[in-house]
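As a starting point, one isolated chain is supplied in structure tokens, in the form predicted on its own.
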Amino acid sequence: MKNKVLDGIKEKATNVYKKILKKKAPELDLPLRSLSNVKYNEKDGYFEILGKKKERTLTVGTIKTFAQTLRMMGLSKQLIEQDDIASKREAYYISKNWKEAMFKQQPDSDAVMDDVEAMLMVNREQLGFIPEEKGGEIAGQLVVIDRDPETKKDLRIDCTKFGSGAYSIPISVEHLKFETKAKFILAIETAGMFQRLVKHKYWKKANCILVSMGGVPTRACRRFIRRLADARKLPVYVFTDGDPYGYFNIYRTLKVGSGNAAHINEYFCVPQAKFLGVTPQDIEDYKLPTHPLKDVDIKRAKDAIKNDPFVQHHRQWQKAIKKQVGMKVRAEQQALAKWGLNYVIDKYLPNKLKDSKTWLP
């Protein structure tokens, strides 16, 4: 794979060089990364990128971004050849040596990095760039088989042996192997709810594997869940707050990917995932305490119905979202504590797991 990425970088750079020799304006073609350039097919199970592209041509107005793109490709080439890595933050600071091509702020650096990733149709880890954030946490009936970086021997990590803590998903998960007799994977939005289930060993009671997503799941977290689910043929259930952010930014991203990363969704999504709750119907059925929907929630919900191919494909989601907008309220996972701190363990999750009709696709 390293050689393939290097070949891709060299090919793009050579094309630019040849255009310059011919005294023509060089250009770089990048796929358009948005929901308007993806399709959703339930059989494939993820957002697939379509053919729309944007062309970055060297002009007076684009000269800085064009130079930054080439410098980022050069940095990636250097990292791959030296078998090294750079965090996204480190890459931003390295650019301070690029004189006029340096980035003024990290979001600009991140955007160019994403452009290079999409242009070469690989993920940023293959380019040598790693994220700052952790991948997520794991607890429960699972043995992760890692490798000792020095001896290359297998390391067996028992996820039931972390006491009140949990196993942290590493940045790269491709080499991991798994042993488990668990019946399912439960992916949880909030660290607080994850800690409650760990504290009371819900994983033991339900014979499952708990995953803390900590909000929108990182690529490493999504890839870990996907590889584990595929390797051990495990169903995946997702438990988030009952609001549009939980439904689309978290669940939808985990299940089918995003428009922004459509070029790599195939590897970083979990098509077998099902939405357990909190659903708009749960808010009514469990008489949960609520908060008013914010303007941003309403906008996110309406945008999903209008523009999201995943929502447009599933009438159940359209119905649920319209119901919630009509209710004008949202509910957090922790709202279940109204009925007792461990109601979620004793009643809510067992009830939901027994009745698949209460889930959303």
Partner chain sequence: MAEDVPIALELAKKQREIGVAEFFARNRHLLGFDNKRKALMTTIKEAVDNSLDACEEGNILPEIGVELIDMGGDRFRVIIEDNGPGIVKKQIPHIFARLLYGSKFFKLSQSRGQQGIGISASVLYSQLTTGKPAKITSRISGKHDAHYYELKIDSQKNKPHIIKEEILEWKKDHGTKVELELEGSYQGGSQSIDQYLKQTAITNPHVTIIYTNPKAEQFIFARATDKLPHKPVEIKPHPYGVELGVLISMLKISESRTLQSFLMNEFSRVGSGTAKDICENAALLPATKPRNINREMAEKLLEGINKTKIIAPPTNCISPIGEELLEKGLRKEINAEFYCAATRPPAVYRGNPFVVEAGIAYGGEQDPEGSVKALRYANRVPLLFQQGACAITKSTINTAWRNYGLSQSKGALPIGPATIVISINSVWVPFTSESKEAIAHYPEIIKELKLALQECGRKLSIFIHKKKRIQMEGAKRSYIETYIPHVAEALKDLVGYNKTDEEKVKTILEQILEHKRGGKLEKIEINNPDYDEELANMGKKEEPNEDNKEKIKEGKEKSKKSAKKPEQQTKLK
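Positions refer to the first chain, counted from 1. Fair warning: this is a prediction, and the values are worked out from it, not measured in the lab.
Not on display, but discussed next: the form predicted in complex with its partner chain.
(request) Find the only residue in M73, V173, A166, M193 having a heavy atom within 4.5 Å of its partner chain in the model of the complex. (result) Flagged contact: M73.
(request) Flag this candidate site as yes only if L155, A182 and A231 all have a heavy atom within 4.5 Å of its partner chain in the model of the complex; otherwise mark no. (result) None of them does, since no heavy atom lies within 4.5 Å of the partner.
(message) Please pick out the stretch from 305-313, 35-43, 64-72, 326-334 that is in contact with its partner chain in the model of the complex, where contact means heavy atoms within 4.5 Å.
(response) Comparing against its partner chain in the model of the complex, the contact stretch is 64-72.
(message) Would you classify L58 as touching its partner chain in the model of the complex, given a 4.5 Å non-hydrogen atom cut-off?
(response) L58 belongs to the contact set for its partner chain.
(message) My question is simply whether L341 lines the interface with its partner chain in the model of the complex - judged by any non-hydrogen atom within 4.5 Å.
(response) Outside the cut-off, so no.
(message) I'd like to check something about K88: if you look in the model of the complex, is any of its heavy atoms closer than or equal to 4.5 Å to a heavy atom of its partner chain?
(response) No, K88 sits far enough from its partner chain in the model of the complex that none of its heavy atoms falls within 4.5 Å.
(message) Given that its partner chain is not shown alongside this chain, does P31 nevertheless sit within 4.5 Å of it in the model of the complex, heavy atom to heavy atom?
(response) The answer is no: P31 has no heavy atom within 4.5 Å of its partner chain.
(request) Just give me the residues of 76-109, first to last, that have a heavy atom within 4.5 Å of its partner chain in the model of the complex. (result) Read in sequence order, the residues that approach its partner chain (within 4.5 Å, in the model of the complex) are K77, W98, K99, E100, A101.
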